[in-house]
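Take a look at this single chain, the form predicted alone, given in structure tokens.
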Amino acid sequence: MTAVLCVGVAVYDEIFALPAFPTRPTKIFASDFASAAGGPATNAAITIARQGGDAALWARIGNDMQGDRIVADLQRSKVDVSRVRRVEEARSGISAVGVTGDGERMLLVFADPNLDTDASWLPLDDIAAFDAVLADVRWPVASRAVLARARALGKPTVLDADLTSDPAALGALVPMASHVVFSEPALVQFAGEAGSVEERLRRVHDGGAHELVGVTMGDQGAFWVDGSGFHHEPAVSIRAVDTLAAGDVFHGAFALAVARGLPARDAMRFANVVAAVKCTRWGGGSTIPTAEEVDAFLARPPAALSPTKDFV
């Protein structure tokens, strides 16, 4: 079985279905509720496991009730949690997420500063057993250490290059990964707004020893630059119900495809489809699809999709 290591953040999401986002301080009555483990690396690991890969997560959480729930959710998806560290006197990260009927979301996020950044305990020698590594930008000390060792071992490395409050951390991590896939805001943060998407991706690609540099752009699909040029994979037409965790799911599916040795086009298409299926299901990371559910989605006739919104 293809094995992928994910390193980064683990949080707990409390998700509320809202009629609309508030425009002033008020009380809103949610029509539905869900809760699930979340965070880029965590959702990526769950995606990999549910798509038939062998996933492990290296992360830190508090020794609290939310931490118990995070571990339980990961174990239900058969993610290896043996290196998820419980930090005494710290609280696990938590998010309150509002999701409206069109699938858009708004987050309130808490990250405990007592959740130390130490990564010296990580078993870097274990990286040799994995086929690929995925890192997010939320625990940069660990991501740097893992990406460096994986690269030294000749392993493919995927960076989930998302928007961050620490641009310097993003700047340090991007050159270390063989495959970098930005969110659209993170590409602006890293490469600026000057030039076309192609020009910005080429600047990043040509500035490091990257196999691929890409960006996901919602209903415009995914774009990337590799050794053969500039490419585009269109979005999948769906009726979007909930876009929470979709970017994390995309990165997890993409990392699994890279680990399996799929060509870039096939890897991007696979990631597009898995993320799209997630968006048709309400509940954040709790509804990340299995491989069988993705197969069922692909087997449906186009008319059954009733698209009202494109998303990737």
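When you see a residue number, it is the position in the sequence shown, counting from 1. Note that the structure is a prediction, hence the values are computed from the model and not measured.
This protein has a second form, the form predicted in complex with another copy of the chain, left out of what is shown; the following refers to that one.
- In short, of 251-259, 264-272, 47-55, 29-37 it is 29-37 that has heavy atoms within 4.5 Å of another copy of the chain in the model of the complex.
- Residue in contact with another copy of the chain in the model of the complex (any heavy atom within 4.5 Å), chosen from L147, I94, V137, L201: I94.
- The partner is absent here, but in the model of the complex a heavy atom of E104, alone among D226, D80, E104, D131, sits within 4.5 Å of another copy of the chain.
- Taking the partner from the other structure, another copy of the chain in the model of the complex has no heavy atom within 4.5 Å of any heavy atom of W121.
- Using a 4.5 angstroms threshold between heavy atoms, L18 counts as touching another copy of the chain in the model of the complex.
- In the model of the complex, another copy of the chain lies farther than 4.5 Å from every heavy atom of A152.
- In the model of the complex, no heavy atom of E293 sits within 4.5 Å of another copy of the chain.
- In the model of the complex, another copy of the chain lies within 4.5 angstroms of at least one heavy atom of each of the following residues of 10-26: Y12, E14, F16, L18, F21, P22, T23, R24, P25, T26, in sequence order.
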